[in-house]
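Take a look at this single chain, the form predicted alone, given in structure tokens.
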Amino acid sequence: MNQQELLPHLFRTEYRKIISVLWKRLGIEHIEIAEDIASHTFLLASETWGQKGIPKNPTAWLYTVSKNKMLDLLKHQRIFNENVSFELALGKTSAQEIEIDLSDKNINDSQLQMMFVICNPCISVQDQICLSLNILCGFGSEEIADAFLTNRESIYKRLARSKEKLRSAQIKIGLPPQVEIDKRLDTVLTTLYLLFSEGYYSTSKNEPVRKELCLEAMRLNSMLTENEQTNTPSANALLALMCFHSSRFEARADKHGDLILYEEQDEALWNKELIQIGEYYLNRASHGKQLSKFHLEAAIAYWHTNKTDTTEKWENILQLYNKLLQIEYSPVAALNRTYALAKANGNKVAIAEAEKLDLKDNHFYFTLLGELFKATDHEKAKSYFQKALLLAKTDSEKQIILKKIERC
């Protein structure tokens, strides 16, 4: 991997780790200092590696530089000598005595604690998700804006406001009591779900699959299932969902990077080991009384690990979508449910259900109608595909729709 590929990858995986450890050490009121140190570390890496080459252990290099920058700041900057609150946050420890623990254990502990600090009820759920994507997952404001269908400036203001509210509330960094963990866990899981979705159904870049985002979401989710206080059925269900989807990584894109639809994928390329791991976590998720959307989506994904096109399979998927829409309605779930309805009960009844949705600003809506009409009315199907093409956002989506138009 060359520098142009390596640095963005390391930024995605290591930036938030460095921030979490520094933020935990400095206190919540000094997040900007943690962000500055992390940003300067990567800037120096870009300059130094370009001149001297990539070090043998790039990750260790980043940790060492960020640690040294932290100590240097404490020794030489005015804030160390004059800002009383900063000294109090450090326990009035001298710079020489300060330890910056970047061990794997402390990184994991710090990130787990930061998840629940950020998902504090003193800020809105949307703000919690935005800040989590920014701090814990390394998303920039533009990527978050894409996820929330808004503009970069709005996200920038939202992030600044969220940080200020957390500072004002003087939130202590650490895992909250179990009652608070239970209250905030849904938001934490939703954040990881969004991160995985951005990788699996990428919209902010013209890449059909961004594996590093999916793997990051799975890693953070694994931290939850490995901790006794956060190892809930919902956390296991979400990890099962991620495993089932990830099992098709190698089959979802061709050698040119173009997306391959589920029906056309080579099942031999599916990762059977990941499917088995997904089954393991889905079994763990079956304990308890609560049925979450993650349970239902994981069960739907499980049925998709069997490519056999049977009525039983699609009837089960249809019933799962019915329950999912009762728990939490979404246009995407409604469209997927209509496709399952077509496979189980035929296109005629599915077309009637699809037209009721009337999602005329959604290219998936017109793509679905095109699919449902292509067996009986090629011209009508082509018309719907052309409407979908006008609304499609990414090159990979447009390529798929163009192929459908050609077949009509």
Partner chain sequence: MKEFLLVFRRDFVTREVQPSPEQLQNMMKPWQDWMGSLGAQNKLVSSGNRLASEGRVVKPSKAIINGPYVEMKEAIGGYIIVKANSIDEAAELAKGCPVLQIGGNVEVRTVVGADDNT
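Positions refer to the first chain, counted from 1. If you're wondering where the values come from, they're calculated on a predicted model, not measured in any experiment.
A second form of this protein, the form predicted together with the partner chain, is not displayed here; the remarks below concern that form.
- The partner is absent here, but in the predicted bound form a heavy atom of E353, alone among E29, E35, E353, E371, sits within 4.5 Å of the partner chain.
- With the partner omitted from this view, the residue of Q113, Q319, S197, T305 that lies near the partner chain in the predicted bound form is Q319 [heavy atom within 4.5 Å].
- With the partner chain left out of view, the stretch that reaches within 4.5 Å of it through heavy atoms in the predicted bound form is, among 56-64, 41-49, 353-361, 372-380, 353-361.
- Proximity to the partner chain in the predicted bound form holds for none of E279, L291 and L296, with the criterion being a heavy atom within 4.5 Å.
- Looking at R337, you'd find a heavy atom of it within 4.5 angstroms of the partner chain in the predicted bound form.
- Looking at E315, you'd find a heavy atom of it within 4.5 angstroms of the partner chain in the predicted bound form.
- For the chain shown alone, K323 is a contact residue for the partner chain in the predicted bound form, at least one non-hydrogen atom being within 4.5 angstroms.
- In the predicted bound form, the partner chain sits within 4.5 Å of a heavy atom belonging to Y329.
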